[in-house]
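Have a look below at one chain only, the form predicted on its own, in C-alpha cells format.
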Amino acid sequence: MEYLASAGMLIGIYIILAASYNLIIGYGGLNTIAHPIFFALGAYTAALLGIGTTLPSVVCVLAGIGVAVVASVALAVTTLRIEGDYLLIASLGFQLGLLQLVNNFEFTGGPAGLSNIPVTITGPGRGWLYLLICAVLAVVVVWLIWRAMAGPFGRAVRAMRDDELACAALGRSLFTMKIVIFAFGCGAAGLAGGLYAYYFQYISPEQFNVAQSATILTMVVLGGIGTTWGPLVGAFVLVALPQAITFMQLPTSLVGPLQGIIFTVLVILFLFLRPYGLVGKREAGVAH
C-alpha cells in the first residue's frame, strides 16, 4: 500500500509541475525549459532548512517557494525582454549553471545529494497523509491557474501570447504580466520541490537535469498544451505508465530502455495523430 501512496505522491507532484509549466509555456507562450531548477530550489531550500534548523516543515517549504519566486523574478527581469530561441537558450544556461553550483557546493551534498532530510510525519499512515496533503495542494494550484486564466487576466495573457504588439496597444504591461505568470509558475514548482524533499527524504542534482525538463514538457504536450486538464492527464499517464511497467517483472536492464521507447513512440504518435493532446482542442489556450 505504501507503494501506491508513493506513486500517488509522484502523480500529485508532477501535476503541480506540469500545470505550472503549462501556465508559463502554454498560456503565456514563454519558451523556457528551466522549470526543473525551480523544482530543485524548492527542494534544496526546504531540505537544507529542515536539516540545519528546527523550523517547522511548513515554514521550510514556504521558504523554498520564496526562493523559487525570487530566483524566477531575477531570471525574468534579465531574460523576458528577449524572445523565442534566445529565451530558450538563456533559460537553459540558467538551469545548467545552477546545477553546476549544486554539484560543486559541499553544503548541498554535491553529486551525492542530500539523504538526511528529517522525518516530519511518522506512523503507518504516513504515505497516505502526505498523499492527501499533496492532492489538496495540487487541486489548489490547478484551481488558481484555471481561475486566473478564465478571467480578464487570462484573456490578456493569451492575447499577449498570440500577438504582443496588439496586446500592448490595448495598454497592457506585457513585462508585468510575464513576470506574474513566471513567478507564480516557478513558485508552484518550488512547492512541488518541498513536498518531494520531505516525502522521499533524498534529493540529488540528477533529479533536476534537462531530462526532467523533457519529461515535464512531454506531460504538457501529451495532455494538451494551453488547457486546464491537459497537464493533469499528461502527468497521470507519464507517471502511471512506468509504474505499470514495473509490475511486468522485467529485468532491470530492460525497464529503462523500454520506458524510453514507449515515451518516444507516444510523442511521435501524438505529433501525427493528436497534435493538440489528449484533451486539447484545435484552438489551444482556451481555459476549460
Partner chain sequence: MGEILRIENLCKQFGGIVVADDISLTLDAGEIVGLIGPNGAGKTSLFNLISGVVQPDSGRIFLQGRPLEGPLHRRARAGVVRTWQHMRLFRSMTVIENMLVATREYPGESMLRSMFATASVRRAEAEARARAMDLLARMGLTQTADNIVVDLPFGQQKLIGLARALMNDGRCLLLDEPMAGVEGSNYETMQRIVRDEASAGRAVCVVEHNVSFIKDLCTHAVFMAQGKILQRGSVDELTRSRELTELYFGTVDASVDA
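Residue numbers count along the first chain shown, from 1. Keep in mind the model is a prediction, meaning the values are calculated, not measured.
Absent from the display: the form predicted in complex with its partner chain. The rest refers to it.
is_contact(residue 115, its partner chain) in the model of the complex, heavy atom dist at most 4.5 Å: Looking in the model of the complex, residue contacts with its partner chain do not include residue 115, since no heavy atom lies within 4.5 Å.
Just to confirm, residue 202 within 4.5 Å of its partner chain in the model of the complex by heavy atoms? Looking in the model of the complex, residue contacts with its partner chain do not include residue 202, since no heavy atom lies within 4.5 Å.
So in the model of the complex, is its partner chain close enough to residue 139 to count as touching (4.5 Å, heavy atoms)? No, residue 139 is distant from the partner.
With the cut-off set at 4.5 Å between non-hydrogen atoms, does residue 153 touch its partner chain in the model of the complex? Flag for residue 153 set to yes.
Identify, from the list 119, 129, 166, 135, the residue with a heavy atom within 4.5 Å of its partner chain in the model of the complex. Answer to the contact question: 166.
For the stretch 162 to 188, which residues lie within 4.5 Å of its partner chain in the model of the complex by non-hydrogen atom distance? 162, 163, 165, 166, 167, 168, 169, 170, 171, 172, 173, 180, 181, 184, in sequence order.
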